[in-house]
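Heads up, the chain below is alone and in the form predicted on its own; it's given as structure tokens.
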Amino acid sequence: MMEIWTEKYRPKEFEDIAGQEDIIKRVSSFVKSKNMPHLMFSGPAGVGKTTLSLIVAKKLFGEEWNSNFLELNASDERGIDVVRNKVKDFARTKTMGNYPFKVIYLDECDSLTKEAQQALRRTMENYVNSCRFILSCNYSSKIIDPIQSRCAIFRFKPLEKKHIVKQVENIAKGEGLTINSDAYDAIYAVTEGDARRVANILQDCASMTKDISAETIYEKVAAARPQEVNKILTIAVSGDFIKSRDMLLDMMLRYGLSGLDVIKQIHKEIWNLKIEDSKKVKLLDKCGEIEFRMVEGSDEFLQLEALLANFTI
């Protein structure tokens, strides 16, 4: 049976996790001492938060890690009943084997309601002798201060291009893929340092061909090449609104892009335009306004035309 590459190539040791050297050093020292405070991992998706939590559990508990480690996704189960029932029931029971505490990993805990966070705070206080929490979130600001003050906070950063290139080379070697030179830039551009997405994209591409090029990458992720977006914006800036509008519509139909997809790509390319910085700032502000209108339900083609009109002014 074909394995999922995100799991197949998930790091198994502390030193295999790329791009978070300082965090790894501190967390591994907790594991070596067989003691640790509550931890909070904050940062974007695909940078190693869940992987590090699993390694911590396996290093602490060995073969019995499954019995002493509870993983919950707070975005699926975000109410107060989850904290009162699942979390508390696991925290209050004795560890399996001769270990000082259990570990509960709450993924995406910034999705917990305020009431659930308040209940979690009390659970963290009452069962600190028998259980440690690892909280993972994209935005630590969404976690209430009483919980933050009880945790050692570690802020993960997106992976640099050299780390993504190394991951791609590792997967290519293991799967017998040929990666063209232009594909590395394309993979980094579309993943923005998300290692999980890198593995998923490569597996998707490999299902069709073993020879991975930039064109293959952009086709699979349904994204336009940055050069295409830049060309459309440059034509709009030159004053040819009709041509830029027609090219934008053609690009959206060709790649199957939604209005929000296009806005995000336009946002990235604004800084590469050869116009005054003051105008770039105004266009970025307009991008934010147009995206808000789309989210609120406005017609995306009408809003994109309105955005392009601002480039021609």
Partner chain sequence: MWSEKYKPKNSGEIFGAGQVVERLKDFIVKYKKGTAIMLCGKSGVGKTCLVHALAKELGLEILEINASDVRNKEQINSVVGNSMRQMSLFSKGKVILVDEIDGLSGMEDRGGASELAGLIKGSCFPMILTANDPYQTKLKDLKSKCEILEVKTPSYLTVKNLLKHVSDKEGLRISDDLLKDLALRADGDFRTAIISLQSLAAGAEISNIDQKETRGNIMDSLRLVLKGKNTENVLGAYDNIDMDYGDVMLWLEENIPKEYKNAEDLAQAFEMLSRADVFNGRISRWQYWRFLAYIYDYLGAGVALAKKEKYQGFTAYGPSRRILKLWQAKMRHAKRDSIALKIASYTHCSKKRVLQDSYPYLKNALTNSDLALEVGLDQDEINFLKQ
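Worth saying up front: this structure is predicted, and the values here are computed from it rather than measured. Residue numbers count along the first chain shown, from 1. Whichever C-alpha set is largest while still superposing within 1.5 Å between the two forms counts as the rigid core.
Heads up, the form predicted in complex with the partner chain isn't pictured, but that's what we're talking about next.
Checking 234-242, 122-130, 87-95, 158-166 against the partner chain in the predicted complex, the stretch whose residues place heavy atoms within 4.5 Å of it is 234-242.
Taken together, D107, D194 and L302 are fully in contact with the partner chain in the predicted complex: each brings a heavy atom within 4.5 Å. Comment: the partner chain is not present in this chain, but in the predicted complex one of N180, Q148, Q203, N230 has a heavy atom within 4.5 Å of it, namely Q203. Proximity to the partner chain in the predicted complex, taken as a non-hydrogen atom within 4.5 angstroms, holds for one residue of E63, D285, D277, D246, which is D246. The closest non-hydrogen atom of A224 lies within 4.5 Å of the partner chain in the predicted complex. Contact check for E115: a heavy atom falls within 4.5 Å of the partner chain in the predicted complex. Among residues of the shown chain, D261 is one whose heavy atoms approach the partner chain to within 4.5 Å in the predicted complex. In the predicted complex, the partner chain sits within 4.5 Å of a heavy atom of L253. In the predicted complex, the partner chain lies within 4.5 angstroms of at least one heavy atom of each of the following residues of 259-297: D261, K286, I290, R293, V295, E296, G297, in sequence order.
Relative to the superposed core, E291 shifts its CA atom by 2 Å or more between the shown form and the other one.
V31 is not among the residues whose C-alpha shifts by 2 Å or more between the shown form and the other one once the rigid core is aligned; its shift stays under 2 Å. The Cα-Cα distance between A224 and A189 is lengthened by 3 Å or more in the predicted complex relative to the form shown here. In the predicted complex, the CA atoms of G256 and I179 move apart by 3 angstroms or more relative to this form.
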